[in-house]
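One chain follows as structure tokens, the form predicted on its own.
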Amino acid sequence: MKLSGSQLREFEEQGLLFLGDCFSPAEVAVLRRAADEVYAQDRPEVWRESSGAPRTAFAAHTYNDAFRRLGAHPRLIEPVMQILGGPVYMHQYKVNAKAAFDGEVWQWHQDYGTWRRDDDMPEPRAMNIAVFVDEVTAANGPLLLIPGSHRQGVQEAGHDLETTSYPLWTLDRATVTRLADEGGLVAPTGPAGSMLMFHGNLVHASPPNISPWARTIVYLSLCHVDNHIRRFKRPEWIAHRDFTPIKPLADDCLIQP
């Protein structure tokens, strides 16, 4: 899968690109079953909210075959290689849940800010590409993003160890207000099977889900192989140490393994 010139320009300007209906209902069904299997497991990679509901499952591609195949899917890997200009490896893999009624907030942050501070990733030559496993609506905790914020570099951040079960380098209110006043806010919504790409420096967050509808999004954080991390203080299942370039599988790999 290749992005057009206009899509590449939109990503460069806005720091994000939303593509609807990239995966079929049959492919989404495979991913939904896989998410249920992963969240049912009791293992350190699966983090939970204070209520016990699933929050995120790290490194699911290492212990679930459907997510392994998604992690090498050409519809995900090829556009990122196109943007980053070469081969990529998997820096992080997350299956993020927002459970009905119990899905908690993800505070305002930049992913590359964490990757630089915690993992010593040299440059922001890394980004996220996400697949909606459920329909994402305005009601069930969509991702909020500030377009263009990636162009202002890494912002000052504080290490929040208390708000949720997962520690995060977060931006203060004044910084978020300034950036949002300049760039606005968007909350991409769409059916299951939609795809979202965004720059590692793009400022984003997501609100709690108090609706009766759960939603799950799979995030691949991909990094150019020359830009691999230099510090290994976080667990390997959070910040991966296998810098082998990903070789894309066949386009039908989810339904024809």
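Given the structure is predicted, the values throughout are model-derived calculations rather than measurements. Don't overthink the numbering: it's just position in the shown sequence, from 1.
Beyond the structure shown, there is the form predicted together with succinic acid, which is absent from this document and is the topic of what follows.
Checking V131, L143, I83, A157 for any heavy atom within 4.5 Å of succinic acid in the model of the complex turns up a single hit: L143. With the partner omitted here, the residue from R75, R125, R116, K94 that has a non-hydrogen atom within 4.5 angstroms of succinic acid in the model of the complex is K94. Note on the interface: of 227-235, 31-39, 65-73, 211-219, the segment with non-hydrogen atoms within 4.5 angstroms of succinic acid in the model of the complex is 211-219.
In the model of the complex, succinic acid sits within 4.5 Å of a heavy atom of W106. The shortest heavy atom separation between S194 and succinic acid in the model of the complex exceeds 4.5 Å.
Interface membership of H204, defined by any non-hydrogen atom within 4.5 Å of succinic acid in the model of the complex, is confirmed.
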